[in-house]
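Next up: a single chain in structure tokens, the form predicted on its own.
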């Protein structure tokens, strides 16, 4: 009997076997896949329920007018059109533009400051463990609590902590920091950077300590100085870490909320009125869930576009 005849007859013979025997054979052939999916299925179900179901709900509500109390009323694209229209002197486009501007400033300062601090802490200095802890501590504190304390420090009267310090050191007059259209945006950006820079420092430190020392030794033998080591070895080796930090950092910086909610209430003159604060106000203060979810959808799309662009640039540069 030829090999072809045996091969063609084996499926027929297997069909005559009892179902539990066939099940056992199938399990032996696919054992690894069965074990893998046994562990993955609960997480996949959780991910679908907690991610795609809320996302579908968000998209659906963004096309309605709903105040939570009465049933939703379908309005189509009216909410999204309002977000990008000249409503109230281009209110929503200004909020989006302001949010993007703050996010870029926060991200740049976070990356530049975090990388510089990581370079310093990566040196063989005394007490570097204490300094690492100090830089990471702001990430542990509650942002709402710290923002409330900052509001007290920035009080515009002569009893404000910052005004008292400046008056004793330089003899300056009290400044209403919270109502300053110049200083309050700067303070808000620096507050978010200070709060999140600990994570950036930790990831940069991990990346720096993962660089092969042989690369530095070989470059030093060839006569490379410190600046050349930084430019041609350290920074290129940190690109994967930089990609992760830029993606996660942009997601966090686009969601500045503590400063406008607790300190400024969106002021002064709307200078700290960010997109997340607008979402919270429209959804839960004005009970316009349609407008709030429409802005959430806009925020989601902006983050999706940025992350996709970042990953695409990384693939083009490194061919992955």
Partner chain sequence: MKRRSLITRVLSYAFLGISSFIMIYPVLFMALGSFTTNNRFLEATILPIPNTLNVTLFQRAFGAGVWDSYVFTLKRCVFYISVTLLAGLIGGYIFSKLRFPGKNKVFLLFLSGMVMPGILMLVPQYLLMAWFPLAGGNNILGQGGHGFVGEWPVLFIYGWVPPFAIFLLKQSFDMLPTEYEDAAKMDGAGIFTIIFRVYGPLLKPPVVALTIVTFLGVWNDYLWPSLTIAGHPEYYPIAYRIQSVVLSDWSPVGTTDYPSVMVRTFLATWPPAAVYFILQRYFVQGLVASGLKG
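Quantities reported herein were computed from a predicted structural model and do not represent experimental measurements. Take the two forms, superpose them, and find the largest set of C-alpha atoms that agree within 1.5 Å; that set is the rigid core. Positions refer to the first chain, counted from 1.
Below, we refer to the form predicted together with the partner chain, which is not included among the displayed structures.
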| property | result |
| --- | --- |
| Contact stretch among 95-103, 180-188, 135-143, 74-82 - heavy atom within 4.5 Å of the partner chain in the model of the complex | 135-143 |
| Partner-contacting position among 216, 232, 91, 153 - heavy atom within 4.5 Å of the partner chain in the model of the complex | 153 |
| Selected contact from 211, 120, 109, 224, since only one has a non-hydrogen atom within 4.5 angstroms of the partner chain in the model of the complex | 120 |
| Residue 47 within 4.5 Å of the partner chain in the model of the complex, heavy atoms | yes |
| Contact test in the model of the complex: residue 303 vs the partner chain, heavy atoms, 4.5 Å | yes |
| Close approach of residue 66 to the partner chain in the model of the complex, 4.5 Å, heavy atom | yes |
| 4.5 Å heavy atom contact, residue 239 to the partner chain in the model of the complex | no |
| Partner contacts in the model of the complex for 151-165 (non-hydrogen atom within 4.5 angstroms of the partner chain) | 151, 152, 153, 155, 159, 160, 161, 164, 165 |
| Displaced residue check between this form and the one not shown: residue 71, CA, 2 Å or over, core reference | yes |
| Did residue 269 shift 2 Å or more between this form and the one not shown, C-alpha, core superposed | no |
